[in-house]
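Read the single chain below, which is given as structure tokens and is the form predicted on its own.
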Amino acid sequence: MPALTRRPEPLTSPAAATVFTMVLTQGPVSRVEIAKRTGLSSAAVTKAARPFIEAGYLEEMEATEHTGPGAGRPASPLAIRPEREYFIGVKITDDGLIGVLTDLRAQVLETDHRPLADARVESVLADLAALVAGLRARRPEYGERCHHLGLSISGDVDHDTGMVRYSPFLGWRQVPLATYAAQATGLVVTIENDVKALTAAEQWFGEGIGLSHFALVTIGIGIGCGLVIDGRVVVGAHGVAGEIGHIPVGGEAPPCHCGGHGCVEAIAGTGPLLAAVRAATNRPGMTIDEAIQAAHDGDERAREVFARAGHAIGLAMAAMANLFGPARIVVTGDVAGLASYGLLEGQLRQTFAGQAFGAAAGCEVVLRPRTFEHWARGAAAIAIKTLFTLRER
């Protein structure tokens, strides 16, 4: 059963999806400009936009430009009415829920955090239902116009069926999360892998606007990657495309939780990285913050561990760039991952530049810090994107 079955009535054709998406992600924009960018005729743009205007999703602004040089009819830009509909996004971690309520542009209006009592599915669902109800109750209009919930979770997630096939940090296997969450909250639910959800948010509302090819790499507990090729988030036949954290770069060691050996994640993920620093410095009780500080203070043993992690990530990023040729790679992560990045960056960039082939070495690599609320916003963006695009899979 698909995780989402409802769509707005105006979304009836590829042209409608194209027009609405352009206004949502790049507006306000005139019909003339939409036609120029998309290749649609002016009549087709007007036909596609009209139902959205009538349904209250779009509005015509005052005329600010002309359709041609000299005398001409002023063009009225189309703009989103962001308050027309609200969305909730929740990032599920191994120990908590981070929730946001957004408008149609994925602008965060409300936030909430809720620790998990435990990782049992029924317990997480109870906490999720309470969080969602609390967010919707903050304003009457939220309860009236918020009907969609996006969930993001690390691991192997089937967006189409709403199934969490495997989430290593929660220990879940074959959990029909979308169905359970819909029953618990009464909302229409979409779920996605957390990295792919964040990638979708960057595509529509962040660093990826206007780019047909870009990648997002996340550093933290795991090493993840989201890919956008020809304007679409790549999922692959099995839904696990972009898992650069499980590219083997370390030979037969160390072992990875996935069952493989030498994976990037087994070298550069927060847990393995900390374990390696503890072993190198003979400080078994060291925290990740202390490991980072030791490296910053010049402990060469700690610095070598971080450099190895940067080398592993750089190799994986170069392999990805050689295969897919993104115009930009956005690097982000959790708090520990971003704190580590300054120690990883030099070796990461050096390895990437040395291993990337030809013009791929010129790919722009940018660091963009993202909080857990941004990850939850990614979940909301998935709900928005799924609602307002025709089926891509």
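The first residue of the sequence shown is number 1, and the count goes up from there. Only the largest set of C-alpha atoms that superpose within 1.5 Å between the two forms is called the rigid core. Model, not experiment: these values are computed from the prediction.
Form predicted together with another copy of the chain: not shown, discussed below.
Only one of R114, R145, H213, R283 comes within 4.5 Å of another copy of the chain in the predicted bound form through a heavy atom, and that residue is H213. Contact with another copy of the chain in the predicted bound form, judged by any heavy atom within 4.5 Å, is made by just one of V234, L109, I80, L125: V234. The stretch in contact with another copy of the chain in the predicted bound form, judged by heavy atoms within 4.5 Å, is 315-323, chosen from 178-186, 127-135, 295-303, 315-323. Annotation: in the predicted bound form, residues A48, E54 and G162 none come within 4.5 Å of another copy of the chain through any heavy atom. Using a 4.5 angstroms threshold between heavy atoms, H238 counts as touching another copy of the chain in the predicted bound form. With a 4.5 Å cutoff on heavy atoms, G362 counts as touching another copy of the chain in the predicted bound form. Another copy of the chain in the predicted bound form is approached by A327, whose closest heavy atom lies within 4.5 angstroms of it. Although the partner is absent from this view, E85 stays clear of another copy of the chain in the predicted bound form, with no non-hydrogen atom inside 4.5 angstroms. Core-superposed comparison between this form and the one not shown: the Cα of I209 travels less than 2 Å. With the core superposed, L323 shows a C-alpha displacement below 2 Å between this form and the one not shown.
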